[in-house]
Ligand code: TMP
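Okay, here we've got a single chain as structure tokens, the form predicted on its own, with questions on binding and movement later.
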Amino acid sequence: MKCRIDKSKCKIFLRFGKMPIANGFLKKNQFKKEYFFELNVGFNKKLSLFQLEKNPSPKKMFNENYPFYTASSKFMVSHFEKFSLWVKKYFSNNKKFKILEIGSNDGTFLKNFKKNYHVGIEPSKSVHKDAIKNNVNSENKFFNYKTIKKYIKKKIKFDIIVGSNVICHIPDQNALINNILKILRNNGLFVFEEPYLGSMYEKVSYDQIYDEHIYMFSATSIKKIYEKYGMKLIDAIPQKTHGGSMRYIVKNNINSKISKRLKKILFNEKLKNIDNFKGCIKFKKEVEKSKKRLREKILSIKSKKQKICGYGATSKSTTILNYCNINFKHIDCIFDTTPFKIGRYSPGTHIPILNHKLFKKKNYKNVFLFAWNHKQEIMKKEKKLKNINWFSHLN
């Protein structure tokens, strides 16, 4: 297996078997034509890079009905408000800075920069339409050379390019970085947030691995990748989003100094084997243990003739359900708030998705929390409900 970024080889160490599109929620008449692919994970020692062997085409994953809307989560709205303040503080001496966001979704982040020259590049039509309603300058396109050509012709350079939970979705990182360099100013910043490999190892949150997450980055891998292009990772800031993410600050200047915080993170990654293959082997063993524990828990509940429902039809749940062979025979339904998902079925396992408004009426006592990364927000919302056995694959 060849590494996508480097010609050196990646070693496959974890196989999840056949997997559907994580966000491919479908209708009954689509069951027979459902798309599956082999979900295998490898590691590139040279770049310390955790990656999928293969992935479906981006057009399959990010279609016109992409079902995730950033604005649907109060926590994420608040997070992006704070992120925007961080950006504004950094550019306090240049309030007219130009900003471009890759994968701008419904414009939740960029609507904080309406006074600035801003551009959002979003391939999914459904969320792009919401960005337009938010008066965000959104383009319904993939971020590639064809899309940025007009900015190159007009000699428009951006002071900062950002991406949140999207950079790991892009198969060709070499093309991505080359295109960024074409429209990023010298000394400009590329700032992006992604689920963090260290957090995934610590929590054994293997549900972070699915078709869209082609890479699971660490600070070490980002440092090594961007140095190849004359760019410098100067800082890394841990985030609470998605069960543990990292904000990477990469500067378009190889001679820049790095922060004390980043030095500490890089040291810890070496100490905890996040930067090498030993960490992969340990993670694999923990994943297998987690699968066994979860199946035992589910089967134990069912042996007592008790019912189980799911909470949050997340993309992450697709990996858990399909890898652990849990389907509609084990879980009656999954409650969700996303209009597009309601009335459809979970990818591969075909569990019906019901309107969240029915959750309280159905009175389930065993609830599989798939949206575990929003646990605090959910517990606050459902605090009136008592005697519920909330569980996830993490415990």
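Computed from a predicted model, the values in this text were never measured in an experiment. Residue positions are given as counts along the sequence shown, with the first one as 1.
Here the subject shifts to the form predicted together with this ligand, a form of this protein not shown in this document.
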Heavy atom within 4.5 Å of this ligand in the model of the complex: which of G107, G312, P123, P195 fits that? Just give me the one. G312
Given that this ligand is left out here, which of H79, K98, K291, H242 has a heavy atom within 4.5 Å of it in the model of the complex? H242
Work out which of the listed stretches, 114 to 122, 268 to 276, 248 to 256, 314 to 322, brings a heavy atom within 4.5 angstroms of this ligand in the model of the complex. 314 to 322
Taking this ligand as it sits in the model of the complex, is F335 in contact with it (heavy atom to heavy atom, 4.5 Å or less)? yes
Does the 4.5 Å heavy atom contact test between K11 and this ligand in the model of the complex come out positive? no
Please run the contact check for A371 against this ligand in the model of the complex: heavy atoms, 4.5 angstroms, yes or no? yes
Verify the contact flag for I378: yes if a non-hydrogen atom of it lies within 4.5 Å of a non-hydrogen atom of this ligand in the model of the complex, no if not. yes
Given a 4.5 Å distance limit between heavy atoms, list every residue of 28 to 47 close to this ligand in the model of the complex, or none if there are none. none
